[in-house]
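Take a look at this single chain, the form predicted alone, given in structure tokens.
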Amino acid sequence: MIRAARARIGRNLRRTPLLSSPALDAIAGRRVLVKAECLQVTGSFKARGGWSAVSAIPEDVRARGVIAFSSGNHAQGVAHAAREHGIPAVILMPIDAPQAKIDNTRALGAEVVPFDRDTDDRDAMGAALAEARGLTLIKPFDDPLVIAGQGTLGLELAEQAAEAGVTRAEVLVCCGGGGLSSGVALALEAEAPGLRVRPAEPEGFDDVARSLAAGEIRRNDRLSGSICDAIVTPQPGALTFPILKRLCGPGLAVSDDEALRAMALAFRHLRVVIEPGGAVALAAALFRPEQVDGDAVIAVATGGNVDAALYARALETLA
């Protein structure tokens, strides 16, 4: 399914680069390679899963449109794929989503329906809209076609790591519900078994790390309170968790302040923009070296959709 998703995606999305910097190596005490998925179309890896899912819907069904729930990156991925396929897209977005993500989703032609994470029943709202309009739901992570699309990043990474001479390393992946982590883990199992995925999350929202440690799904106590909005989810997915449990190493967690510092260091040394939720893997590589094994580590910078004010706050950590 991952290889088929890559074939459907073709040249519609980017093969993002694998970057490095001696300064980051010095901070981490080992070679650090950064998969800059923040340079992907729509600014995040979610474009992969969105395209994979939309392109696989039968044409007559697809014509009626799609619906998705997202704080912004999945929203933009689905909206982009819908626009390119010439179909409607309705996106339910939380009212506290970054304004840049809301604006970008609308700019891609999607209809944005706001909801309150704490008081609204998002699933019921979405189900009602889907039934009324005949829309196809594209889940953010717990969907085989979405997981397959995200797994195309793993196929690229296997090739790029080999080109860089890295055959054994831990691959730190920013993790919410686990769609990217599980897809990449499956791809690496087939193409680069010496590379092992380690999920990375914000402190206080480390449901995947706790679930892996417990051997069963654990839920977060709250759904807001971190600047890493892109990866704040209730719990791992029913489809993703068994894959994570089988293939991934222990989870890692970093603070919001460390995510901000990683954003600033990525700007200074790689000249790329990373959002907080997209920076936790790099933060773990830089600031949790004792929890990572090997002479090299790969961090996936999963997204770069960040409001200017928050990005300015990150850059202030360089002062």
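Please read all numbers here as calculations on a predicted model, not as lab measurements. Throughout, we count residues from 1 along the sequence that is shown.
Beyond what is shown, the protein has a form predicted together with a further copy of the same chain; the following relates to that form.
- Note on contacts: among H269, R261, R288, R31, the single residue with a heavy atom within 4.5 Å of a further copy of the same chain in the predicted bound form is H269.
- The single contact residue among R219, K245, R117, R83, judged by any heavy atom lying within 4.5 Å of a further copy of the same chain in the predicted bound form, is R83.
- Between 276-284, 55-63, 39-47, 246-254, the stretch whose residues reach within 4.5 angstroms of a further copy of the same chain in the predicted bound form through a non-hydrogen atom is 39-47.
- Residue contact check for L19: one or more of its heavy atoms lie within 4.5 Å of a further copy of the same chain in the predicted bound form.
- For the chain shown alone, N104 is a contact residue for a further copy of the same chain in the predicted bound form, at least one non-hydrogen atom being within 4.5 angstroms.
- Within this chain, L318 lines the site of a further copy of the same chain in the predicted bound form, having a heavy atom no more than 4.5 Å away.
- Although the partner is absent here, T240 lies well away from a further copy of the same chain in the predicted bound form, with no heavy atom inside 4.5 Å.
- Taken together, R14, E163 and A308 are fully in contact with a further copy of the same chain in the predicted bound form: each brings a heavy atom within 4.5 Å.
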